[in-house]
Each structure stands twice: as C-alpha cells, then as structure tokens.
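Just the one chain here, the form predicted on its own, laid out as structure tokens.
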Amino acid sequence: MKKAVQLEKIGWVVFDLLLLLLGWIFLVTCTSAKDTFPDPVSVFSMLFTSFVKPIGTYTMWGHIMWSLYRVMVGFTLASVTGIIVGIAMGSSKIAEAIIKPIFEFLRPIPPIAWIPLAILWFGIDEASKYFIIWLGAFINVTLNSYVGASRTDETLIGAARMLGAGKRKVFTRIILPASMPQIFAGLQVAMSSCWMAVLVAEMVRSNEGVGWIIIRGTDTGNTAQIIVGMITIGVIGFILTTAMSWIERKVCSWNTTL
C-alpha cells in the first residue's frame, strides 16, 4: 500500500513536470514571448554543457560547491545561535522578557534590507555573505525552538522536579526532547531560507556561486543562463530539504506525529 502511494506521488510529479514543459513549449512557439524567452532545448543544452564548460571561472559543479559552502556556514551558525536563543526564551521567563521584544522587532526585516549594513560591518568579502545567509535562517530556527520549548508539558516538568530532577536534567530529559520536532521543522524551513538567501548574499560581491550565475545572466541579458541558475537552485534546494526531512525522521523517529 505504501509503495503504491509513493508510486502515485512520483506519477503526479512526472505529470506536473510534463505539463510545465508543454506550457513552456507553447509559450515560446505560439506567443510573443518567443522573442525574449529561450526555448527548452537551449536552456537544457546550456544546463548540461555548464557541468563541463565553465561559466565565468568555474563549471556548474564549482558554482554549486561555492554556494553550498556558503549555505552550510550560514546554516550552521544560524542553527547553533537560533536553538540557543529560542530555547532560552521558551524555558526562561527572564530570557523571554529580555530577548523577545528585540527578536519581534527584527523578525519582519528581510535579509536583503541588511545588505548595506552587512557591507559596512563586514566589508564585501565572504563574511558579509555569511551574515546575510545567517539572517535568512536564524529567525526561523529561533522561532521554532522558542515555540517547541514554551509548549513543553508543564505536568512533565513538575513531575520530574517532584522526583528530584535538577534544572539540567529537566532541560536534557524533558524540555530538549519535547522541542526536537519543532526545532527540526525550523531547521528544514531555515535550510530553504538559506538556499534562497544565497542569491541575495551573492549580490553583495562575488565571482562564483549559483546566485552569481543568475546575476551575471541578468547583467548580460542572457535569459537562458538566468533560467539555468534558477533550475539549479530549485533542484539543489529540493535535495537539501529532502535530506533534512530524512534526518528529521531518523532523529525524531519516536515522534508518531511526523
């Protein structure tokens, strides 16, 4: 039964892709968009060629590796800081009172709005890119960690304290495990946010990366290159979120709600 459901899902994905491809072909053959929009053959030819022929300094493999490295640095920093800040707010009334107003003020500000300050604080090298990517993930990780910790069953905490558990044991045995599903939900969203923030980060200054491919294509009016970059970002983003889902199922296998 489970295998049949999976095959059905795969079938719908294939159907959607074929529908998208047919719409694309119709667009470039039967409408005025053909004057400015590349056909699928040109785009996919450039996509496959880009893995052996450099776009700028690197082939597509090199650009993907650069972007992934930046994402992993920003994501790791955001995961560590976001989990610490979120759980602190969710498990301590004092921390919540101090941190939450600042967090709520910063939460609506998109990463792109921080570009001028990022350049001013960190210059135009890699540090400013890491900062923007970190911002793209930090909010989601913090918010989900806070919600997970704040919704921990007070009855369980009270029972643990009655049985003599100290603050450390209450945290490691009750609060942290109860927060894990919510934390992983935040990490999954944060991974997607990081990958999207790469484009913003590589707008600061770069000569490599998948985001740079799109920006360079925009500068030169090469729409095929822009779409190649978009397809690559979409595929890698899908792989990353799928990997995060797999890790979540393994780590939180005890949680039947997953």
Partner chain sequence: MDEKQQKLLEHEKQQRAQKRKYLMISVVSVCVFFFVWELITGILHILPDYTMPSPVKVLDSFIKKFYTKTPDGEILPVHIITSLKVSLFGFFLGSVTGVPIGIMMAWHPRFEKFFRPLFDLIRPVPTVAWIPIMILWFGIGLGAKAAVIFVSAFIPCVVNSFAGIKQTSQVHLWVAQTFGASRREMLFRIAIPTALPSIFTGLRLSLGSSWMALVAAEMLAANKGLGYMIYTSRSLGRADLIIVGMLTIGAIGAILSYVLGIAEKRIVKGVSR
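All of these numbers come straight from a predicted model, not from anything done at the bench. Positions refer to the first chain, counted from 1. Between two forms, the rigid core is defined as the largest C-alpha subset superposing within 1.5 Å.
Below: the form predicted in complex with the partner chain, not depicted.
Colleague: Taking 4.5 angstroms as the cut-off for heavy atoms, does Phe37 touch the partner chain in the predicted bound form?
Modeller: Judged by the heavy-atom cut-off of 4.5 Å, Phe37 is in contact with the partner chain in the predicted bound form.
Colleague: Please check if Phe184 has a heavy atom lying within 4.5 Å of any heavy atom of the partner chain in the predicted bound form.
Modeller: Taking the distances in the predicted bound form, the answer for Phe184 is no, it never comes within 4.5 Å of the partner chain.
Colleague: If you check in the predicted bound form, is Leu77 within 4.5 Å of the partner chain, heavy atoms only?
Modeller: Outside the cut-off, so no.
Colleague: According to a 4.5 angstroms non-hydrogen atom cut-off, is Ile55 in contact with the partner chain in the predicted bound form?
Modeller: No, no contact at 4.5 Å.
Colleague: Which pick from Ala127, Ile84, Met72, Ile112 sits with a heavy atom within 4.5 Å of the partner chain in the predicted bound form?
Modeller: Looking at Ala127, Ile84, Met72, Ile112 one by one, just Ile112 meets the 4.5 Å heavy-atom criterion.
Colleague: Identify, from the list Ile64, Val43, Val28, Met196, the residue with a heavy atom within 4.5 Å of the partner chain in the predicted bound form.
Modeller: Contact residue from the list: Met196.
Colleague: Contact check in the predicted bound form: Phe48, Ala149 and Ile247 versus the partner chain, with a cutoff of 4.5 Å between any heavy atoms. Do all three pass?
Modeller: Zero of three within 4.5 Å in the predicted bound form.
Colleague: If you look in the predicted bound form, which residues in 192-231 sit within 4.5 Å of the partner chain (heavy atoms)?
Modeller: Going through 192-231 in order - heavy atoms within 4.5 Å of the partner chain in the predicted bound form - the hits are Trp195, Met196, Leu199, Val200, Met203, Val204, Arg205, Ile214, Ile215, Thr218, Gly221, Thr223, Ile226, Ile227, Met230.
Colleague: Does Leu17 move its CA by 2 angstroms or more between the shown form and the other one when the core is aligned?
Modeller: Shift of 2 Å or more: yes.
Colleague: Once you overlay the rigid core, does the Cα of Val204 travel 2 Å or further between the shown form and the other one?
Modeller: The answer is yes; the displacement is at least 2 Å.
Colleague: Please determine whether the C-alpha atom of Leu27 is displaced by 2 Å or more between the shown form and the other one following superposition on the rigid core.
Modeller: Moves: yes, 2 Å or greater.
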